[in-house]
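What follows are structure tokens for two forms of the same protein chain, given separately as structure 1 and structure 2.
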Structure 1
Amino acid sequence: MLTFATPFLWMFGSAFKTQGDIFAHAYPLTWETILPARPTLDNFASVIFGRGIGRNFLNNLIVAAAQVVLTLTVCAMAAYAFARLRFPGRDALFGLVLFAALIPFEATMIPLFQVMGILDLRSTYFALFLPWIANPLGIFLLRQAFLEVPRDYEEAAIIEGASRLQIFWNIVLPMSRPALITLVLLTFLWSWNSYLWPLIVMQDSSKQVIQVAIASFSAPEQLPSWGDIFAASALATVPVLTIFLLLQRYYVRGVAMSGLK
């Protein structure tokens, strides 16, 4: 636990230090290596008012929210079809979905970039989340959870005259809440921490995400402003830690329901 927490404590502590204090107590390790002896908010003021990191923070929120909502919608509908409906080629099609999860991003990066150009979506918010809403891992996770829902509920609803959409919305989704929340958590983390794809497809700095903005703090042949980097990194970490701490118990249950390891 201490090994896991130490880098985060050092990052948050250094965010409140001056450039000199960050390195003055780096070695040997003392309490001042982690905790600031003379805490200051100058780094936060610099990144918020000087570098305008708030705009990048808002961009992350917009992209992550859109990606979570659309991924949940697409994956849930696809998973329900694979888990509950019978149609020709269902198992083969599901096998292709699982195969797609094995393809590394580096192999699809250039084709995706070209497709975004053809659709005239480069440097738009859509380009940041649209390629990822049909998530193979999300479909697999929800399909496994939907298979655990007893068919007796579904058959009783059909006898009562419920439609497929009503069964999906009123029975299957509520009984799979831990898996849905797990997918929300994973999708938010994937979206929030994305770096390479936004760096490639987004040329408009006003729409760039916070991870790319932090990387731009370091200019060639100049000493990085480590105080600004630590402060911006601390701000970028707060939403991730918050949502993880709030949803971690659902995440464990969702993984258990889906059999995902």
Structure 2
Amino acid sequence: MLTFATPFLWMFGSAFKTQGDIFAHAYPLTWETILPARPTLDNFASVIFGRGIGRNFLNNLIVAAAQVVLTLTVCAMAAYAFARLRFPGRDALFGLVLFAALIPFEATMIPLFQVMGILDLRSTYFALFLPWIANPLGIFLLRQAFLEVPRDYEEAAIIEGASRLQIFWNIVLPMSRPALITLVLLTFLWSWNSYLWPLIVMQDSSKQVIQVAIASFSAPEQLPSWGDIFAASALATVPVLTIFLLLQRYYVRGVAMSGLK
């Protein structure tokens, strides 16, 4: 347990240390190597006001919010059609969705970069979330949930004269809340933690996400300011840990179903 927790303790502890204290207590190992003896908020002030990490943090929030809302909308609509409506070619189209789920992003990142060039979207916020909102695993996850909503409810609603849209909005969605929360959580984590794609597609540092910003100021050629790195990393990690601890069971559910982290 200690093995898993120590890097976090070190990161959060050192975020509150002065640069001098970090190095003074690095060796040999004492409790002060991990925890701050004289806690200070200087590092947080330095990364927020000096390095403008607040802006990057805000970028993450903007991108994650857009990605969560749009992913949910697009996936829920498609999943509803696949789960509840009959139409020719349905199985073939769903097969395409499953095939898309097999395509690894790491193999398509370079051509995807070209697509963003064709669409003239490079270095925009759209580039950061647009490619991921038609999420094949999201469609799969929600379709499974929608299939479990009893048909009787729907038939009763049809007799009462409800439209498909009303059934979707008033019956199927509310009854699938756990699956929707699972998808919100997975999408948020995925969006918040992304690194490789923003690194490639975002050249405008003021719109860059926090992970890339932190990695760039911790690069070997930079002057080592460990306090800044710890403080910024702590800031970037608090939202995911908080949300994860609050919604742990939905995370477990999502991972067990899809293997997506």
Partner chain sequence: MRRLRDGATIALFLTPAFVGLGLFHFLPIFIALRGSLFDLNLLVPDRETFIGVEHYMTMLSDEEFRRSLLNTVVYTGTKLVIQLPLSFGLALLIETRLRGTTLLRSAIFAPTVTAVAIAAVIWGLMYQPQAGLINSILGAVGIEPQSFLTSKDQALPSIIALGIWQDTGLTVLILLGGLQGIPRDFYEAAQLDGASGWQAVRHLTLPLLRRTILFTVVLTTIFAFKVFAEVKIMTEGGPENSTLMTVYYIYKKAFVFLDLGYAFALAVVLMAILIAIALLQGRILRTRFEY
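C-alpha atoms forming the largest set that superposes within 1.5 Å between two forms make up the rigid core. Numbers follow structure 1, counted from its first residue as 1. Since the structure is predicted, the reported quantities are computational estimates derived from the model, not experimental observations.
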Structure 1 or 2, which would you say is the form predicted together with the partner chain? 2
Taking the rigid core as reference, the Cα of P7 travels between the two structures a distance in Å of 2.5
